[in-house]
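Consider the single chain below, provided in structure tokens and representing the form predicted alone.
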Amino acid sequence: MTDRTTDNTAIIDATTARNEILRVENLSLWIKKGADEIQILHNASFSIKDGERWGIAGESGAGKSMMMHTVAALLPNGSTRTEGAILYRLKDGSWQNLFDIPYAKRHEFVSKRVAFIFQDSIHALNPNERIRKQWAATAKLHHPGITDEECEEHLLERMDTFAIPGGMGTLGSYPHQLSGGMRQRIAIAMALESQSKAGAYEPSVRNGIIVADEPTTSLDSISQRSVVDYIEYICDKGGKTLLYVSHNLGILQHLCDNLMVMKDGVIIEQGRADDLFFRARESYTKAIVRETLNVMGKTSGGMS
């Protein structure tokens, strides 16, 4: 059995802390079921530096998505309970514990720092509204005072920046008229509105975190590769930090420099992606890597 305190205890020194933008310390989560509580996360700890790309791997039910929803302040208040700390770096270099902010204000605080990409763009886009209307509403929410004319110019510029083709034709479409990959690109661009200035994307604006919660799950293989490449493009262009949740280790090895592996709500191992992929210590990590390599048509090499 893995010691829950072995690999995932946050050890912060002065050099590491200088570049950190997010710390999670001893995070535990319970979901309330009537008079009972079910523990979902167990003392999870990790730290993220500016510009890093982290993959969060594990089987369904491991707690990956629940951990990211907690970090992004997306869990309901009355039916959950948390312990520990989620610390965001402020501009002055100090730290803000998310749990010290009143619950009603937490999502507003996080949304300025985190763009959350959900599993299926159908859930992020209103099927009954044209893309232009709902994207403009999002842009105006984050850029108060922008005129209709400025907003339309802003959307077209964003499409060009994010390599979304079709111009006004795409903006005039309903979601069901676009491919899954195109919908997901638009959902990503909309999610990033909170981290841009009206009229332009600002690559110099750092400390922006993208959380992608299995964003390719419902897509065909061609669209999956397109969306993964697209997320990589956005991170490269904007200097974004990435937390990518997936059970697909092949995607994570391609996209991420670092990896954490979860099992039953516990972070059992974390470190450089190549180290975990080829020199994992935990038997569970070795097993899911071996399964990934078999699916990819490769052998497990020197793994024991």
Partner chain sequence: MKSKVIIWLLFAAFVVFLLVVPHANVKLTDLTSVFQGVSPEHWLGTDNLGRDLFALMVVGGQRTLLVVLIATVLSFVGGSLLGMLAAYRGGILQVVIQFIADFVTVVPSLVVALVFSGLFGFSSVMAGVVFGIGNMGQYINLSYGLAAEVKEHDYINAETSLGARSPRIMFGHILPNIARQLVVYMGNNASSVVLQYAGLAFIGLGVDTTNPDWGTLLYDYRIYMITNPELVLIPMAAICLLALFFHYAFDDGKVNQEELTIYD
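Positions refer to the first chain, counted from 1. This one's a predicted model, so the numbers in the text were calculated from it and none came from an experiment.
Omitted from view is the form predicted in complex with its partner chain, to which the following refers.
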Problem set entry | its partner chain in the predicted bound form: contacting segment from 168 to 176, 148 to 156, 67 to 75, 126 to 134, heavy atom within 4.5 Å | 67 to 75
Exercise. Heavy atom to heavy atom, is Gly61 within 4.5 Å of its partner chain in the predicted bound form?
Worked result: yes
For this session: Within 4.5 Å of its partner chain in the predicted bound form, which residues of 265 to 295 have a heavy atom? Give them in sequence order, or say none.
Result: none
